[in-house]
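Read the single chain below, which is given as structure tokens and is the form predicted on its own.
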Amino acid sequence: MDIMDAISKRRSVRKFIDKDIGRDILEKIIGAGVMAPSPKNMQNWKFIVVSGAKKGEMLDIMKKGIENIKTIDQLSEGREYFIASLEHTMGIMKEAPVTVFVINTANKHVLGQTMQEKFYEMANIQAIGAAIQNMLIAACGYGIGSLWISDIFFAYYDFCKWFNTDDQLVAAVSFGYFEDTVRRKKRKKLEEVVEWR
């Protein structure tokens, strides 16, 4: 598949079919992520692949995240929305055969305080975003759907404990085969988002 074709066909898939992804394909998808640019070529990323029986433990952590939300006073007005969003995401992760968690090995839980630390944090997170995008496009090229997930933040420390890491958890991506009925959401026109100088 042509690269521009893969970019235009990529979708956020929220319903997967019951079909496993071969490890060789997963390695190629993650390999595409590793090819992303990174500051000073430090490649400060780690990918944790969760599948099979371990999915149950992952879903238990998401359930715990839902329970935690019920105790956060600051979410009193939007609590039902966040709970529904988490439950929906958890259902997607349950259905997907594989979820890959992406960790920034250069940053710890506590964000840096100096300007230099903040600069490197932003640069590393940008690189990880590029790695994730590479994986999404590569997956599309293999006919595999994907969903970039941030709802894991509601169970952030529990996931970090499960992974036995003090490093910064950035995102997760669920992968799986899907019925090709997902429509692309409308995108803004270039003139709405581009300023030429």
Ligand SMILES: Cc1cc2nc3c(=O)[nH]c(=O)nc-3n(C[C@H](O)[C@H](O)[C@H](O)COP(=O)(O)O)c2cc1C
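Residue numbers here begin at 1 and follow the sequence given. Being a predicted model, the structure only gives us computed values, none of them experimental.
The form predicted in complex with the named molecule exists for this protein as well; it is not shown, and the discussion that follows is about that form.
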Point to revise | Location of the named molecule contact in the predicted complex, chosen stretch of 53-61, 40-48, 23-31, 140-148 [non-hydrogen atom, 4.5 Å] | key: 140-148
Point to revise | 4.5 angstroms heavy atom contact with the named molecule in the predicted complex for residue 89 | key: yes
Check your understanding: Can you check whether residue 188 is within 4.5 Å of the named molecule in the predicted complex, heavy atom basis?
Key -> no
Exercise for review: Using the partner position in the predicted complex, report whether residue 14 sits within 4.5 Å of the named molecule, counting heavy atoms only.
Suggested key: yes
